[in-house]
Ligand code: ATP
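Read the single chain below, which is given as structure tokens and is the form predicted alone.
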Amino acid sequence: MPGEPARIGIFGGTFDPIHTGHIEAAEAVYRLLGLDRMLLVVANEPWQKEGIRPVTPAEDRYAMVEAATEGRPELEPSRIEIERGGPSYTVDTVNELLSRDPSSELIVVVGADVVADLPTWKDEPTLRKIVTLAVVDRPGSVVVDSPPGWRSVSVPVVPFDVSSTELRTRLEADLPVDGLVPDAVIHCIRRRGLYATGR
């Protein structure tokens, strides 16, 4: 409605690679919460993975997200964290979006398995005051209570029990990922020779 604050979803991730589960979760949150925009925010340097494993370059991961959102106008790939540079923290992204549109209502999308880790996030006390969490129920996750001090809503999604880690393993072994990764993303991976593919 004219004059009402924009309701913007923020679905941040490494997206290494983005897969069908990510897309279905983003679309479910967008639809069920009646959002105006859903940003798929590609992490520049994902701080949770630093020093744990090699991460595909941000530009390649952004290209995969672009490919995944082709023909899906409700989903917007976002470079906000890549352009800011350095480690990617949700609170910095939220503050930047609010500086652009202070009236907007921001909804941060997380998996149920992430809720227990929220206290480790940068400036968590500030973040929980200024956003609403959309907690996506993932297969195999124990049902979690609303995190204390946060505004949150639970969003059920169709079960999708494949992780990006498993997909990287399959891609590196040259095993098929059809149905698990959007076709346009598979083409992007092959074209860029990611995950030791394109041999």
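For clarity, every value in this text was computed on a predicted model and none was experimentally measured. Residue numbers here begin at 1 and follow the sequence given.
Only in words, not in the display: the form predicted in complex with the ligand, which the text now covers.
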Answer among 123 to 131, 69 to 77, 103 to 111, 83 to 91 for heavy atoms within 4.5 Å of the ligand in the model of the complex: the stretch 103 to 111
Listed residue that, although the ligand is not shown, lies within 4.5 Å of it in the model of the complex (heavy atoms), from 31, 151, 49, 37
49
So which of 155, 171, 58, 162 gets a non-hydrogen atom within 4.5 Å of the ligand in the model of the complex?
162
With the cut-off set at 4.5 Å between non-hydrogen atoms, does residue 137 touch the ligand in the model of the complex?
yes
4.5 Å heavy atom contact, residue 182 to the ligand in the model of the complex
no
Residue 9 near the ligand in the model of the complex, any heavy atom under 4.5 Å?
no
Contacts with the ligand in the model of the complex - residues in 5 to 32 whose heavy atoms fall within 4.5 Å
11, 12, 13, 14, 15, 19, 21, 22, 25
